[in-house]
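One chain follows as structure tokens, the form predicted on its own.
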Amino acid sequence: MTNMTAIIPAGEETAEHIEREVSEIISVYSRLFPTQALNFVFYEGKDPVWSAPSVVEGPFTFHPDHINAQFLGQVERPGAHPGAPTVTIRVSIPRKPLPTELKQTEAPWVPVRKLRAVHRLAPLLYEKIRYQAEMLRKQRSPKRHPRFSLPRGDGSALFPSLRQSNSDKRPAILIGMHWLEVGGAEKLGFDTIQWALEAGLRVFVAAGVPSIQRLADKLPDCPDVTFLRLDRYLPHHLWPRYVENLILAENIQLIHIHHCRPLYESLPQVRANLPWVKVIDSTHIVEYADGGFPRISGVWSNFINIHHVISKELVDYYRDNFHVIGKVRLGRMLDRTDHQAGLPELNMQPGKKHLQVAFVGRLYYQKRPVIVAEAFRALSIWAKRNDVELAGKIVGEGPFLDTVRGLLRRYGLADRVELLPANSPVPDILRQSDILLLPSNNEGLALVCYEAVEQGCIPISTDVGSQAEIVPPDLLVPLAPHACVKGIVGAVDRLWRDADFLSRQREALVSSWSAIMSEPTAREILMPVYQEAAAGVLE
């Protein structure tokens, strides 16, 4: 193999960065092409997350643009024998992310150019237009994104079936994540990594979406956990062959998919060549535009052994749209060891003169941060009329942060509503809060609602996704922007004014929380499957 120092430019830090990246790239393609002669052509990348790889199997001819200003050099890895076929991999080495990119990759949100004046003059009107567009996409979705499962044949007994070869390696699991960034699905993904280790499995983790992967350093610091940077270096169309080689080389018995599109697309390769491998997926939220990952999961259902879902809404979704019943398992995203025996009294009392309102969530459109700011504005008017001192805390980061800050300043709320970073102590904040606002455009079943009720904080949510499974009907508000804000103020007013209503809401919260707590948790559903895989007894 070519000496790396020959291609590394001056600068010790840069050299270390490039050498580390080159090592990972060679590792990925050596797994994909174990016997071929590999010729790596490296370029200086301008992107901090994606390497724009191009793979040519067979003879390769250089053109002038292949040796451009970003060209760094080449590295060769000999094949298994002199006549081994050649593969040329042209790949850019991602640059190191800037400090600002480490905090936030996406640029601050700006309204659509043609509607900027609308947003400036009437933010709620802008939200209404966006809401109507979203509902139109939802209406058109079934025609544009069909809901049927791909057929899969079982084969004939006349032909020999494939058998798993013995391996001297301890059984392993491949866990596919969407990315390693903050999110509910990602939290479950990290939990399952820990559970797999506890079950005795070695763990390989891959992400489907290129990203800085800010949570990569949260992976267990353990030799049994390997993070494969396929998101950064491998085109999606090569994932199936890579996954097959990985399974064979590492004795992978189980695949668990958490919102990882290229891993779904690898399933035909797995089912055709490695039929003994068991496949689980976990899904959370039905997206308006295309059904999201529950629809993708339903399409691939005949290639999957178990669908794990977090809500009853999703149980119904698989049944009603894909006629899948027996292999859908409900497992709540709860940890019984973290939860108390009962719920505390509500923080809110009728006629209370100091009211604390909180919002906790990523500042992306899904959470509708503009509606949050408008709700705070409407609540401040209500509080003034009723001689109530209103204070608020918004916990979260994202592209809408500057917009929210600007709106709070514009509405004279900057000194009463704090903007706090995502790593703030959420349980403490909820324990000090009377109301949690969740005016989301869409949700699976928001974990923060569990956290709120366990801290005596009352959630008021839009009636979306599976929110009705934890939030009482009287505290669910319409999705339409104006009606949403009006509904929030109406609910707060009644909670504040009507002691019987407040008492009934607590009873309803206790009832829904108790019902959810009586159901299986995700760990209780998944752990037996992991333990079977570790013991090598999967069927």
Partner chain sequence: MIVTFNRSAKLVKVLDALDAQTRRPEVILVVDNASTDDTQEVIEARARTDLSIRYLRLPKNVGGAGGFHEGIKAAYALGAHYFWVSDDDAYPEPDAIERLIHAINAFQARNEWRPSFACSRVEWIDGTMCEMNTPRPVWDWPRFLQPDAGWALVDSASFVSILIPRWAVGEHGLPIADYFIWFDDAEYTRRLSRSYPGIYCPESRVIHDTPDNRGVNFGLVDEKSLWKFKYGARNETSWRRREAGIMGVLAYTYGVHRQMKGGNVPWRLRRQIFRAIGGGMMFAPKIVKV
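Positions refer to the first chain, counted from 1. Please read all numbers here as calculations on a predicted model, not as lab measurements.
We do not show the form predicted in complex with its partner chain, though everything after this point is about it.
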| property | result |
| --- | --- |
| Contact assignment for its partner chain in the predicted complex, among 219, 124, 84, 324, heavy atom within 4.5 Å | 324 |
| Option touching its partner chain, based on a heavy atom within 4.5 Å in the predicted complex, out of 211, 273, 302, 167 | 302 |
| Segment assignment from 137-145, 448-456, 324-332, 415-423: heavy atom within 4.5 Å of its partner chain in the predicted complex | 324-332 |
| Residue 149: touches its partner chain in the predicted complex, heavy atom cutoff 4.5 angstroms | yes |
| 4.5 Å heavy atom contact, residue 319 to its partner chain in the predicted complex | yes |
